[in-house]
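Encoded as structure tokens, the following chain is the form predicted on its own, with no partner shown.
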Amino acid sequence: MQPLLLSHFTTTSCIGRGLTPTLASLRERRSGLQPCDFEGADLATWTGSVAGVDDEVLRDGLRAYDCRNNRLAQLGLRQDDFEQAVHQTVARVGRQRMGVFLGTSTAGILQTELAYRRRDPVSGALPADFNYATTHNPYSVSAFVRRFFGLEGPAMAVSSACSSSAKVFASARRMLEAGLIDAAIVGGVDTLCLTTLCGFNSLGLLSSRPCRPFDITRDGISIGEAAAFILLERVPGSLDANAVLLRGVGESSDAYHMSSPHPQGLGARLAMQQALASAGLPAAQIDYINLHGTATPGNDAAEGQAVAALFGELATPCSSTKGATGHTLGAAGALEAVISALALQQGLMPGGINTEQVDTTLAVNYLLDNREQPVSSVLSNSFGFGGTNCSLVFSRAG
């Protein structure tokens, strides 16, 4: 594929609003996970929540989109001058030539949960002020961002569980290569809600401790929330050496089970192989792998086998950053794409947080501490329920 430029990016999660605090947390090996105190969730687990989301007020003209998910979206858009960067790009390419491609798993489903608490006791009707289309619908966050910037180009939402905001890079790439747009806002937004907390709890997938990816005692995930946005464009004639490029995209489907990966990680391996092939890079030229690394016994085992088979046992340095941020579900792909971009620009391979003793049956070179050295190319993995897999390759321009 033709490389694409990440001309601007930002992220907001439990480890920080914007790039500077996010990088500081990674350098200082701080986790944002705390014991769960989400209203109505009496669960013995840990979560990664973003402070101040409920205090965010959507600006005039956008109040119809008011829900926790879109509040976090607005909070995220206002970090790192991302809003200004989009306006400058729109001034250059035009409102109809900018696309919006965002991933989410549950979007604003919390708004429906709240509406059900206010149902009419006689008729059971939902409250009249509840608007499913603008607050709950998976597309509501893309519609919100499109309206936020006054855009008129194509917009869509991908909701493929935990690979959602990785797969939007593939959607944007196809639109750019087809010549239908000149720039794209890609990313993901997902917020805490009872549906995900109780749903994952019912599946027995929540850990009662901060999650420990690839640890021998790993026993489940910690759910987080995040917003991450990237401005994606064609590569201009000249580039700064520190610029970050999307080099490769790989997508696959396990077609194996509703909620479990193929036990040998065949789908994951196919996604990684395709990403490397589209980037034109051999596995040996990947310096660091940001693992999907959810910390469930099955997922980590399947991914570990896939990585070892493709990259060699104990070969390429890798880690999961979910010990710091929690698993931000539909926002994880975009969040970890931004962390991968920081790794490239800063020469930082973040060591996994909370993991103490790597499971030796997973023959991967898992980093327990940060490693600082030049990083040229990174592979970022995102795998979702139903075996919807996506791997992305990012590289420094110089």
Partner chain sequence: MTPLSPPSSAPLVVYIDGVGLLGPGIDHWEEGRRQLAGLAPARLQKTVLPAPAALPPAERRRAGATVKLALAIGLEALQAAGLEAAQVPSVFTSSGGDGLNCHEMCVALASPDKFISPTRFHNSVHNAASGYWGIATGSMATSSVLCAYDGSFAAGLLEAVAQAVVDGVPVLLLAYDTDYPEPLHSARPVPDTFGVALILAPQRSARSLARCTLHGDACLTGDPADQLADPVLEPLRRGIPAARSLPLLRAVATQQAGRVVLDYLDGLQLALDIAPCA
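Residue numbers count along the first chain shown, from 1. Keep in mind that this is a model prediction, so the values were computed, not measured.
Absent from the display: the form predicted together with the partner chain. The rest refers to it.
Only one segment in the set 207-215, 156-164, 311-319, 237-245 has any non-hydrogen atom within 4.5 angstroms of the partner chain in the predicted bound form, and it is 156-164. The partner is absent here; in the predicted bound form, the one residue of Gly199, Gly150, Gly298, Pro282 having a heavy atom within 4.5 Å of the partner chain is Gly199. In terms of contact with the partner chain in the predicted bound form, the residue from Ile109, Leu232, Leu192, Leu77 that brings a heavy atom within 4.5 Å is Ile109. Proximity of Gly220 to the partner chain in the predicted bound form falls outside the 4.5 Å heavy atom cutoff. For Glu83, no non-hydrogen atom is located within 4.5 Å of the partner chain in the predicted bound form, even though that partner is not displayed. Using a 4.5 angstroms threshold between heavy atoms, Glu251 counts as touching the partner chain in the predicted bound form. When contacts are judged by a 4.5 Å heavy atom cut-off, Gly94 counts as touching the partner chain in the predicted bound form. Scanning 263-302 for heavy atoms within 4.5 Å of the partner chain in the predicted bound form gives Leu266, Gly267, Leu270 in sequence order.
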